[in-house]
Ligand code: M6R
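Before any questions on binding or motion, here is one chain by itself as structure tokens, the form predicted on its own.
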């Protein structure tokens, strides 16, 4: 999930590129760089770190030029470092590339190019693009790019400049987004429209297998075969905030549909599909100290707390380490019994949640190891924790958390696997099946979302109800809690989430035909017990709406309505079962006319106690 920016025009490109990177920083956190052409030479500045680190690097620089590229990176191939930061050079240093995506066949390409005499200086997949274009370059940059593209397998948005063909940026798209900005005698390329808006409202969106050639005189478009194509120019009349909705009525709905990519992005670069090994080097976790860990304590609030409850099952099932999950607002008032053999994990989307920050500060005094899981780089909790595992959800505008919940589940699954491997509870052979299941989850989420519109009609039938009961067991219990929270947050309808076995200890007294029950019941170790709970609800005239696996042939005979999700490894089922509950809450709220993105009395980041 990297960000690219490019410029051709009369201005000094450097400030344009840097300001653009600031607006793209949510797409990449670990390194950044720019390159410009001046007097037939390419000048490059790169840093490991954030955009502010790049700005510091440029303070004493005379770097300038009217054509250039910028990049902010989230590592996939190659660990964060200055040498792995983009832009990447060819052997001659006269051509540079920035890239968003993954080149799947980079290893055989790299070996082939090395055999031909090309020298590689980075660990990245992107560097092969520079050498492939170099090999094809005969004076025309766009021709060299076009001839190199057929050798690439994967997804990419790539932008390239060359001192041998100056005042030109060539862009090719196959997967990730690329937007061309059309200014007055100046032209831009970016991963999204935010960096462009301050310069122009005229844009062209590239489609897959299209190439744009940006020059001083204008922009030309060709397909991958070199045939000229006509493109429609869009005139943007929206504000940047509105544009981020990408055609969705509400940010919340857009963010629900972003979840497959969010999970994919959070996993990417940290997990090996071939070996099953998890790499969390960038977190700062001390592997030696983790080997001595005897207990894990997870601290969080709200949706992050529910993610932490799922994380408890992940860690206990895979790493065999006991886990306690605590509300941050209560934890700080306890008599803390912590020491250096305990790992404390603080989860906060914003990294600024006041109760969680206070709990972290109290924890640090005990000598326990601390890890932050956060979506906002360099926020307070990550800064103060001993280690940090960033999620890659991007900015979440909707107040009711959706995609950040899934991102936190992805981060916690990585942590569970990492701890299992560090503690010797799982080797590569035993890790590989669960890793492969995990890597398939985003695709299965996409399958459900592609056919989820029936939930809109389903929600219409439930607008008359004022109370709901959500039930789940084992790993589905936190999903029931989160589903109930979503309905309460945005529709102002009373809903309670319970562990299925606790229903008989009170909530069963409320069950009648006026209070529907939403049962989360994937095929897992608690399935038979949940079926018993459903029978108890039906015996009291309760209406049951079940979320179940698509291969469950039995469930329909016992409930009133079934929402089916793709079947997955039961431990990973929350990634799938949460989706219909989020959409159900959304459609109920939208049909009621509620302010879905800004529900009353709530704020996105709770920074007061």
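Keep in mind that this is a model prediction, so the values were computed, not measured. Residue numbers count along the first chain shown, from 1.
This protein has a second form, the form predicted in complex with this ligand, left out of what is shown; the following refers to that one.
Student: Whether 101, 191 and 206 jointly form a contact site for this ligand in the model of the complex is the question; each needs a heavy atom within 4.5 Å.
Tutor: Looking in the model of the complex, the three residues 101, 191 and 206 all stay beyond 4.5 Å of this ligand (heavy atoms).
Student: Could you tell me which one of 401, 178, 85, 170 places a heavy atom within 4.5 Å of this ligand in the model of the complex?
Tutor: Checked against the cut-off, the match is 401.
Student: Just one of 302, 478, 311, 195 has a heavy atom within 4.5 angstroms of this ligand in the model of the complex, so which one?
Tutor: By the 4.5 Å criterion, the partner-contacting residue is 302.
Student: Which of these stretches, 454-462, 350-358, 528-536, 157-165, has heavy atoms within 4.5 Å of this ligand in the model of the complex?
Tutor: Stretch with heavy atoms near the partner: 350-358.
Student: Classify residue 296 as contacting or not contacting this ligand in the model of the complex by the rule of any non-hydrogen atom within 4.5 angstroms, answering yes or no.
Tutor: Output for residue 296 is no: heavy atoms all beyond 4.5 Å of this ligand.
Student: Report whether the minimum heavy atom distance between residue 486 and this ligand in the model of the complex is within 4.5 Å.
Tutor: The answer is yes: residue 486 has a heavy atom within 4.5 Å of this ligand.
Student: Under the 4.5 Å heavy atom criterion, name the residues of 567-586 that approach this ligand in the model of the complex, in sequence order.
Tutor: None of them.
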